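What follows is one chain in C-alpha cells, specifically the form predicted alone.
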C-alpha cells in the first residue's frame, strides 16, 4: 500500500511517499481502507523530534491520528461493525498511521458515520472534537445553575472552533479570541462576543470568565486576570509553564487543567450527534491529496489555518 512516511526526525521535507506492507488487524482491531485523514499540530511536532522524550517515535513512521474510511477487515473478536461500513476514529497508537491507504484502528474507538456526514468532516472531527469536548467537560460544562461564561482562545482554529460550538450547545455564554480577519467566521459559529487579540483595547470592559479554554498555548499567567473568582483555566497545548501554574493555582484560588486527550467511542458519538443535529459544524480550511502532505503540514505550521486541514487518500 502507499503511505506517507518519515525515516528520521525533521520537518515536512522528511516525508516521502513509499510502498509498505498492508497491516493485518489483530484481536479487537479493524483494518480501515482510508478515504481521508486530517492534519493536527501533534503530527509535525512529533516528527520534529522535540517531543521524543514524552512521545517516542519508531522509524519508519506513518503519521496521522484522524481516520475516515470503510472497514476492510475485522480482527478476531470484533463485533458490531461490518465489512464496507463507513467509520471514523482517532487512532490511539503513536504516531497514528492514518496517512496511508489502509490503517489499523482499535474497534472500541471506531464509530459508524451517519450518512449525512462527509468524509472531510468525518476525518476532521475526531482528535480536535474530542479534545474540545473533554476540555470543556473538565472545566465543568454543562454547568449546573447559572450560565457559564466561557472564553475560547484560538476560536478560529481546529480545536477552538469546535470548542466554541460545543460550549454554546451546552448553554454557555461564549466569547471567542481570534484575529480581526476571522471575527465574522467566529461570530457565524455562534460566539456571543469576539475579541481581536491584535487590539489591546478590545479587552476593555470584557470579562471576567468562569472558564478560559486556551487552544493556542503558552504561559497561563496572563489569563488569570480574566478569570472570575474560582475560575478555571484549561489548555490543550500545555507548556512547561503550565505545570508550574498547576502547582501555584491553589494559592491563586483558580483551577488549572492540562487537557490530555483520551480516544474513545462514546465521546465521538456525542460529537456525531451534535453534528447530525446541526449544532456542530466543521470548518475545512483546505484539502490536499496524500502526496501533498508536506504542503498540508506547512499550512498547519503557518498558524493561519481556519478550522481543519484535510488530506484525501482514497
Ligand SMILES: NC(=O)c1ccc[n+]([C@@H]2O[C@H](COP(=O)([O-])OP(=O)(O)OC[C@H]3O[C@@H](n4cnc5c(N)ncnc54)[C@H](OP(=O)(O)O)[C@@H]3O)[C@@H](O)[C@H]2O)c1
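Residue numbers count along the first chain shown, from 1. Only a predicted model underlies this, so the values are computations on that prediction, with no experimental measurement involved.
There is another form of the same protein, the form predicted in complex with this ligand; it is not shown, and what comes next is about it.
The stretch that touches this ligand in the predicted bound form, counting heavy atoms within 4.5 Å, is 213 to 221, out of 107 to 115, 213 to 221, 135 to 143, 72 to 80. This ligand is not shown here, but in the predicted bound form it comes within 4.5 Å of a heavy atom of residue 179. Residue contact check for residue 154: one or more of its heavy atoms lie within 4.5 Å of this ligand in the predicted bound form.
Interface membership of residue 259, defined by any non-hydrogen atom within 4.5 Å of this ligand in the predicted bound form, is confirmed. Contact annotation for residue 265: none of its heavy atoms lies within 4.5 Å of this ligand in the predicted bound form. Of the candidates 227, 236, 91, 148, 236 is the one whose heavy atoms come within 4.5 Å of this ligand in the predicted bound form; the others do not. With the partner removed from view, the residue among 33, 45, 255, 281 that has a non-hydrogen atom within 4.5 Å of this ligand in the predicted bound form turns out to be 45. Along 289 to 314, these residues reach a heavy atom to within 4.5 Å of this ligand in the predicted bound form: 300, 303, 304, 305, 306, 307.
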